[in-house]
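In the form predicted alone, a lone chain appears below as structure tokens.
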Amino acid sequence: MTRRWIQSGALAGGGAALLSLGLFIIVSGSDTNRLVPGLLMYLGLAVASGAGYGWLLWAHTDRYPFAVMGVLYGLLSWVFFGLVLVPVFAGLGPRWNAVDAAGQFPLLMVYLLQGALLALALRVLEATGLLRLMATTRDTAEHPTVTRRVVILGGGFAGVTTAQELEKLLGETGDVEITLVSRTNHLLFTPMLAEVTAGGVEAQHISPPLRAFFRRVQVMRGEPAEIRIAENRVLVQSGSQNITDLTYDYLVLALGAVPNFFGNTALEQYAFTFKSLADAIHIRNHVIDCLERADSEPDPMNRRTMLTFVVVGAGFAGTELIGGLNDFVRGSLWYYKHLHNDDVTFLLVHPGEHILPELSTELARYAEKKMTDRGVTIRGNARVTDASLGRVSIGDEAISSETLIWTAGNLPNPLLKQIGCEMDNRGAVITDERLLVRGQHNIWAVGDCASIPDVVTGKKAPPTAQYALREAKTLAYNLCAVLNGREPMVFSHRSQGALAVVGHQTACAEVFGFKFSGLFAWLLWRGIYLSKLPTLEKKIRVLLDWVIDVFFPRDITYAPLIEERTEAAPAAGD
């Protein structure tokens, strides 16, 4: 199949180059030798780049639109070939300055037309099924019947990355079937979740659909209802009545974590959680509703109750959330003529000495000062003990508030307790250094639901996205090794650092031992996480959201929920 795409891309690239160049020469009346030095070199480069384009579309045909890839092909070809390679071979040197680049503008039109024709040709082949038809007979003959099945439970960072890497490592091996079970049909990019609540980015832009990641992995939306390890079976519930029975040879547990209220039923009933896309939208809607009602509320005490927002937990999630919400609410007050800055209270409650315990004390103090200057009240060495309608108790003190958001703790998915595997005191499944569940021969675990020894630090790997990604890559390698009769490797990872946004254009960062703060750290945060955001389409959409945010105020439209919010339901993901 790969060979067909490459051959078709090379053929289409050469044809598109001839056609686009011919059309341009006819329209412009330009001299061929003057337009492109070395026609044979130009055609050779077009064929080679077309073959590469065909391979890229084969690898990502379900991920990136053909039209987008065509435009990118044209732009990159113009920069690499038109401004650098061809002028260098012609003895002119790279054409980097604005005047020379402007002189090559006609060539940009040629490459854009060539990219459009190339994308159109391959799109027609794909749409008509000719490419897949050419490969069907060969694929069927080469790949034997499925004999081994890998089931991955969890559609978060750990589960999705494991499936991606395993698919990549196995290549065209047809006797291995991979099934990914996820509660949602998208991967939530949690580092940007606070920006959804604060209105900085659209919800759909940080949640690419799972099916866009894979060519061979089967995606099943549902939740594991029962795991029978003695029978190598998983019962998956995909609706109120629909139960699917999956058999497996190898099982991967990547079920993530759920909010931990430490047995306090009042907090569980009245607090907002902040784990899913629905949670983020629900909080945003609630905050906007509070602003709307407060604007028409004549009683000052009731108005202050509506505009008092309490966030519990000062880790990355809580700190970034309250920082974003503080900017959003105070920046939106000009819409509400009866509300003033003094009416708004943001309170961050945490049990520690300082916020952001994952960072150094120096950066934590910096973050506290910046947030305090912007109107956030920080209450350290304190705990929220009770909650009711319109009331939050901090120790013995009662505060009037309609908004309590809980980010103070997580615990591994409770479903793990029914498996019968060895667990730690948090309820996480204990694995060995190769990520194999202790006492099992075909069950592996990664992410927040696993207790994994880290040979670098000698401690347990922390439940962070950074470690989950590295664990998933190690697990994919180990599964591939076991499937092919090789020895699995030991998991080890040295933390690359941590970043946290504490408000607009203000952040803290520790990267490879170096400390940054302020605007540079904020730009670093955006650059790093934009590069890690899956799919080119989502990168462009988020980048556009950020550009729009520079010129326009945050949108205060009350948005309907994408999905029903279930406060205590376990989420199959990290």
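In this text, residue numbers run from 1 along the sequence as written. Bear in mind the structure is a predicted one, so any value in this text is a computation, not a measurement.
The same protein also has a form predicted together with a small molecule, omitted here; what follows describes it.
In the predicted bound form, none of the heavy atoms of D454 sits within 4.5 Å of a heavy atom of the small molecule. Taking the partner from the other structure, the small molecule in the predicted bound form has no heavy atom within 4.5 Å of any heavy atom of T431.
Taking the partner from the other structure, the small molecule in the predicted bound form has a heavy atom within 4.5 Å of a heavy atom of G155. In the predicted bound form, none of the heavy atoms of F346 sits within 4.5 Å of a heavy atom of the small molecule. Note on the partner interface in the predicted bound form: the residue among T190, T308, T474, T273 having a heavy atom within 4.5 angstroms of the small molecule is T190. Checking E402, E368, E167, E223 against the small molecule in the predicted bound form, a heavy atom within 4.5 Å turns up for just one residue: E223. The stretch among 241 to 249, 300 to 308, 373 to 381, 457 to 465 whose residues place heavy atoms within 4.5 Å of the small molecule in the predicted bound form is 457 to 465.
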